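We begin with a single chain expressed as structure tokens, specifically the form predicted alone.
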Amino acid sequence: MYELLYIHLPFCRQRCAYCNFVTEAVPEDDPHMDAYLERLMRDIRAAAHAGELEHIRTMYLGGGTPTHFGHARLVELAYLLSLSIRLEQVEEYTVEANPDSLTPALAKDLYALGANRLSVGVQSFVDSELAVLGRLHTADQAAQTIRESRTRFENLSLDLICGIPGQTETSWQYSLEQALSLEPEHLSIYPLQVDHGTPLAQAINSGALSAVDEDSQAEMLEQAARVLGAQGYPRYEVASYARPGYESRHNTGYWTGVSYLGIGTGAASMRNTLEGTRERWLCGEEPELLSASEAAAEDLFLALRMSRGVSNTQLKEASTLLPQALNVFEELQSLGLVVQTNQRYLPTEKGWLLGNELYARVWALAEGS
């Protein structure tokens, strides 16, 4: 039974300099997008006919840049979704948007067809930093788009990136303050990741741009936690901050092991079985089967992405499949990666900054079970 639905729209006007996702840059009139829409609609109808959309409670249209898909195409897609899913039971329906392609008219139509949340890719409120990232909008454009979206949407999320070459503590503080001045309900804060083969990596390797300073980036992440927390946006996940009550229900579903269905190129799906095992697959590929022990370990390290962490009860239940779980969590506590309080193991700031080490130690439980 799927509760989350993700629709992938892998098209952009231009690929960002840091992008390593499954996307392609195409013009607005590219017929490839028409053909893609037809395939999406066929797959959505098939999923509805198979009963796979009956229990959907959150929806997310991501990319790419969904708002670059074109007004008419996106409205046609949203209309089909409104016919295929019981929108009255959908708690959260998010559409990703970029400031250069979200218009007031499109926002109005998406809202009319059931969308109730926008996630706007701002990344920075400093134009020189946007240029480094290869973004097509300006800071003023982003602010204007967000203000215009307020006429329809009361739930807005903004993305910001820290660790951009040339970014300083002062400019990062400015971006945080500008974001807060727009009063979003949710903020996602991401450290810049430089992936091999991207234009950004090539510019850094050639010496045209300075390399990302990981220490400075870590300080910026801590700075964001202080600033946003003080302004009423507590951190509820490693990269996510929200006003109370506006935590992303869709993303929280991923982190708490809820079954999800992905439709479209590059979309991922996951299904829990009655036997306690778990199937995962990318669209068009064969499923990967996780054993019950692997599923239990995955649930533990995903829970450590969240500020509420792992309860003693959850850890005790997981220990039936993972006998060394308690020992590993005590070791994580001794390393300062988690802290135990109120019958829960909570990730520390150090644990979040050293997330790869934290998650690897927990995942290793499945290998030893």
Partner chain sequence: MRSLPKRVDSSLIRNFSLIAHIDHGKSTLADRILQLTHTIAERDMMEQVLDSMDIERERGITIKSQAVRVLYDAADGRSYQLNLIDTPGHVDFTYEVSRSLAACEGAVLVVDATQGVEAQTIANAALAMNANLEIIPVINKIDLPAADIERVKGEIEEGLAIPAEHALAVSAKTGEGVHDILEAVVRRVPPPTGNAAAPLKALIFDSYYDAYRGVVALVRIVDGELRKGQNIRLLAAGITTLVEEVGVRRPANTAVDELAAGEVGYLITGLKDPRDVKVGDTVTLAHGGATEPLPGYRDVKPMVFSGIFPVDGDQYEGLREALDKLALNDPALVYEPETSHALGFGFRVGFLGLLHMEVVKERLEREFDLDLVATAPSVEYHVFTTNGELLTIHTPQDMPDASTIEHIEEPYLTATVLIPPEYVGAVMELSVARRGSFKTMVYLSENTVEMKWEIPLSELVLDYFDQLKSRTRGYASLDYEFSSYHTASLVRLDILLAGKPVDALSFIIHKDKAYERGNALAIKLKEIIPRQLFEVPIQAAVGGRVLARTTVKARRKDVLAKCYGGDITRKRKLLEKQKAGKKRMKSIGNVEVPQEAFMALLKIDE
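Positions refer to the first chain, counted from 1. From a predicted model like this one, the values you see are computed outputs, not experimental measurements.
Keep in mind that the form predicted together with the partner chain is not shown, yet the notes after this line are about it.
Contact with the partner chain in the model of the complex, judged by any heavy atom within 4.5 Å, is made by just one of S175, N251, T94, S149: N251. When you look in the model of the complex, the only residue of D140, E219, E76, E183 with a non-hydrogen atom within 4.5 Å of the partner chain is E219. Of the heavy atoms in M1, none are within 4.5 Å of the partner chain in the model of the complex. The partner chain in the model of the complex comes within 4.5 Å of no heavy atom belonging to A17.
The shortest heavy atom separation between L335 and the partner chain in the model of the complex is within 4.5 Å. Shown alone here, R280 lies within 4.5 Å of the partner chain in the model of the complex, counting heavy atoms only.
The putative spot formed by D215, E288 and E367 is fully lined by the partner chain in the model of the complex; each residue has a non-hydrogen atom within 4.5 angstroms of it. Note that among 86-94, 104-112, 236-244, 199-207, the stretch whose heavy atoms approach the partner chain to within 4.5 Å in the model of the complex is 236-244.
Taking the partner chain as positioned in the model of the complex, the residues of 256-284 that bring a heavy atom within 4.5 Å of it are, in sequence order, Y260, A268, R280.
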